[in-house]
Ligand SMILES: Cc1ncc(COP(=O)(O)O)c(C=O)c1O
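One chain follows as C-alpha cells, the form predicted on its own.
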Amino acid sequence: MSLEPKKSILNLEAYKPNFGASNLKKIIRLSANENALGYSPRIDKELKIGGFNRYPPQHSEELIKTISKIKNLDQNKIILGNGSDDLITVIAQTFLKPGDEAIYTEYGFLQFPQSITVAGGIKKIAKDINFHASVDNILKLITDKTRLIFLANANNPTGTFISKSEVYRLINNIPENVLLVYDAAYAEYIRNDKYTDGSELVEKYNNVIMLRTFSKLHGLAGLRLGWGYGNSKLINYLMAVRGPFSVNSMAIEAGIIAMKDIDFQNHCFDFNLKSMKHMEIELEQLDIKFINSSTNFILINLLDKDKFSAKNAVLFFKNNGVLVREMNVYNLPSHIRVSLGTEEENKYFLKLLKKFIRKNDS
C-alpha cells in the first residue's frame, strides 16, 4: 500500500500565485497588489537587526499592544499570523471536519477554497451580482452542515465591497454556530461611512473574526505578517492550532514600526486615491471598461475590443517589461488585473496599453 494523503487533497493543486515572469532585466510588477511606495522609511532607520539565534515570541505582546492602541481594540482578542492567509488556513483546520460545508463568494480570494479543501470540507460557491458579493446568494447556501462563511470585503480581484448594512444583514441571518470570516485585507484603502472593516462586528457577535494584513498599504508583503480579531474564546482555539513560532522576529519589529507610522499610511492612502482616479480617467478616454475599485488594483475588461484578448495583452505587457495578472483562474478570460504602481510605472503602463490598442486596431 502506497503512502497517500487524506482524500480531500489527492487531486489538489498547490496554490501558486501567478505574478508572471519575464526574461527582461528591468521589470515593472503590477500583478501582485503590492504597495508601490514600499514600506515606512522609519523601518530602515529603526529596525533592530540581531538576536536571530533566539526563537521569536509565540505571541508578541508589544505588537499586539501597538495594534490595540492605534486601532482602539481589545488586545485579548488579537491573534498574529504568518500573513492573513496563514490565519485562513488555521481557521479552516480548526472548524472544518470532513463533510462540513464552507461558503465563499464567486470571485473570492483563492486561499478560501484551498483551505477548505485541505481541511476536508465541502466548498459552496455563492454567485456574485455585478462583481459584488451577494448576501442573498450566501444565505441561500446555508444548511445544517455549514460551519464557515468566507467574505473578502473589499474583494480581490474585483476591488468591490458591500455596504455595512449588507454585512449586518448577513451576520444577523446566519446561525450562531456558523463563523463569518471577514477578510478586510484592503480596509486601509477605504474611508467611507458605508464601509466596515469588521472590528465593530466582533464587539457585537461571537461568531465573527476579522482578518487584516501588513502586506498591502503597509508594504511588508515579503515579511508575511497578518492579524485577526475575534472573541477571546475563538482566539484561544486558533492559538492552539496555529504554529507556536509562526511570526518571525523581523516581521514583528517591522510591524510595530509600520503600525505607528501614521504619516506614511496617510501618504500611501492619498497617493493611491490620486493614482486610481487618474487610471480611471485614462481608461474611460480609451473606452475600456473596468470595475470601479476601492483598493490598490483595478480589474480591466478587454471583451469589447474584438481583436483583443487578455492573454495577448498579458504577453504584450510582459514582453515590454510590465507584469499584469490574467484572470482565467477566476473564469474571467477577458479580464486583466492591474496593480497601481509608482507615477512613472502607471504612465508607462498606460503608454503600453495605448500602443497595444493601436497595434491591434491596425
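For clarity, every value in this text was computed on a predicted model and none was experimentally measured. One-based numbering along the sequence shown.
One more form of this protein exists, namely the form predicted in complex with the named molecule; it is left out here, but the text below deals with it.
Partner contacts here mean any heavy atom within 4.5 Å of the named molecule in the model of the complex, and among 215-223, 187-195, 269-277, 124-132 they occur only in 215-223. Remark: Gly83 counts among the residues lining the named molecule in the model of the complex, judged by a heavy atom distance of 4.5 Å or less. In the model of the complex, the named molecule lies farther than 4.5 Å from every heavy atom of Val247. Taking the partner from elsewhere, Ala152 is found to have a heavy atom lying within 4.5 Å of the named molecule in the model of the complex.
The closest heavy atom approach of Phe109 to the named molecule in the model of the complex falls within 4.5 Å. Checking Asn156, Thr105, Thr146, Thr89 against the named molecule in the model of the complex, a heavy atom within 4.5 Å turns up for just one residue: Asn156.
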